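One chain comes next, on its own, written as structure tokens: the form predicted alone.
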Amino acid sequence: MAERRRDAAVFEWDIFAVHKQELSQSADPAPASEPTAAENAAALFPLPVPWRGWVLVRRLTQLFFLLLFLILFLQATYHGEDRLSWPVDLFFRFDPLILVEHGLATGTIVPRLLLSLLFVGLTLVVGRFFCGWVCPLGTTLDGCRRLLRRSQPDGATVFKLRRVKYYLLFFLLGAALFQVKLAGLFDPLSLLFRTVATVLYPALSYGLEESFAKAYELGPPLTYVSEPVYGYLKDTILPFRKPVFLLPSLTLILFVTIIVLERVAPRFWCRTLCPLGALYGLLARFAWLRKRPMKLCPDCGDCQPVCKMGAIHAQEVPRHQSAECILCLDCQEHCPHQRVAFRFGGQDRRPGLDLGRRQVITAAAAGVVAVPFLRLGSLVHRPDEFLIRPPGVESEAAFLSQCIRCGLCLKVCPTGGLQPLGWEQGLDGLYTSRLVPRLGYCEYNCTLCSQVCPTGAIPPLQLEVKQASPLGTAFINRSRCIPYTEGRDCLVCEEHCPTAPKAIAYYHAEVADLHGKKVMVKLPVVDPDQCIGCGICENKCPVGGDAAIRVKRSLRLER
């Protein structure tokens, strides 16, 4: 009985301390000489003061996950054997958006993605913690905002734009029902990994390589320091080859735009556009952990300007929005009266998202209606003849319905042959992976790309199976091939062909050289039944510009 009275008194104190204005309207203020019921409750049962160290814990946790993201990024590379000892796709296993979209698009569940259900469960308990504690892109935005030194307050327009991410989420899920998978273009994990892999990491590698090369030219005594440092970086951070990728300008512009939008409002991307944040927001509305007080205190309001997500709003929504709160705990840290706390339970009515049923249905229907328009440029049934997909991919339509454009296969490819696809196949194919043999070939003894693909868009293959699976077929352009046009031997393509027996053979024949004289040379030919389209012949061809031998989509592949 005593415990019940104490709990009732604590609850009464909480209500009185939070809603002073409501109390003043319903009853006359007590005389100054007599203590109020709230003061009596506070004197008998003082509320525990929230611990101010949670913000430090949150920042350290953010740094930990960002560091883990970067470590896994560096481990997604060839280490001398056809095996990865680190789960480099771990963060993508955390992503429930990938799980939901893949299930809608393919009707199947990838077992490794079920780890994301753990984060779904935690969100239902504590709220949208992933965005504030785990997401590496969110941590990056927090750090960049400090550099931008933003000071102006949020506008009402930014607060209203929070609905856009929910409409975008329903649009993407509506399109996924008809196997158009576009969430990877907006997913924060895919977006960040793709940007680091194709732009930031290559730029860093190029800058360091050039700097140490210049130091080597200058010689001692500078090299006494630079060479050991270079050796260490080469063993830990720098790749064994300089990575070069297509679409760097577009990728960089998109990423810089997200960063610069921090000048408009803190976490602008997270608040208005992130579909993963929208999914977590829908779940967070039912979280057991709630902020106290639910409303702004009438005598203060200091927590509103420090809320980077705009979850505390005085005019538009009078109550704390759990769907927008990312548990950064800045409001608790900056509360001058130590009133703000996060506690489990409570019967307070939660504010709605105010999305509008019609708007939600319209967004999902728009995703469905957009499917034929999005696929007008993809030419799924008639792909480009030089569009070579990664090993094991047999159906263009199936690949497009599974690829999340994360960039893991691009990063792990030891030769740099896998490249992001541009607009050639329309928006439906943007940033999906393709093999560009002139930049790098498919290594005959490598299956790393199939090991790292989170969704199985590149199916897992045993090495023997991969070596027997054709990516395409090589064709010789006799109008550019040196033996055919210049009358002299060149067997570079035959020498590098990895298959046994070789897919490129030669026969002796008489041709005219550059002076019109008849000479006997070895003319290369391709056996299409032996060729697997790895592209090493095209990569090593000494002819400038377009190679004299090129790989085309195999006629044996499903269209």
Partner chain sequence: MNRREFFQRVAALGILAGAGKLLTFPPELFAMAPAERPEPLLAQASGTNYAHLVGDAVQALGGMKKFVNPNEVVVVKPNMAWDRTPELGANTHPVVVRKIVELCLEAGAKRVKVLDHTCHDARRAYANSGIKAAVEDIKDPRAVVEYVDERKFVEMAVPNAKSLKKWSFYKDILEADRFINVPVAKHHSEARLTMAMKNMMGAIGGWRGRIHVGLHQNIADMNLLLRADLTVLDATRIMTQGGPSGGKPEYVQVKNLVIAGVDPVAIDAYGATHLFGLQPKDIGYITKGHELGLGEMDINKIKIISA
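Everything numeric in this text was worked out from a predicted model, so none of it was measured. Numbering follows the first chain given and starts at 1.
The protein also exists as the form predicted in complex with the partner chain; that form is not presented, and the subsequent description refers to it.
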item: One stretch from 336 to 344, 268 to 276, 86 to 94, 222 to 230 that, in the predicted complex, holds residues within 4.5 Å of the partner chain by heavy atom; value: 222 to 230
item: Y441 within 4.5 Å of the partner chain in the predicted complex, heavy atoms; value: yes
item: Heavy atom of C497 within 4.5 Å of the partner chain in the predicted complex; value: yes
item: Heavy atom of S322 within 4.5 Å of the partner chain in the predicted complex; value: no
item: Proximity of E385 to the partner chain in the predicted complex, heavy atoms at 4.5 Å; value: no
item: In the predicted complex, the residue from Y206, W288, F240, F373 that sits within 4.5 Å of the partner chain by heavy atoms; value: F240
item: Residue (of D354, E394, D302, D489) lying close to the partner chain in the predicted complex, criterion heavy atoms within 4.5 Å; value: D489
item: Residues in 529 to 543 with any heavy atom within 4.5 Å of the partner chain in the predicted complex; value: I536, K540, C541, P542, V543
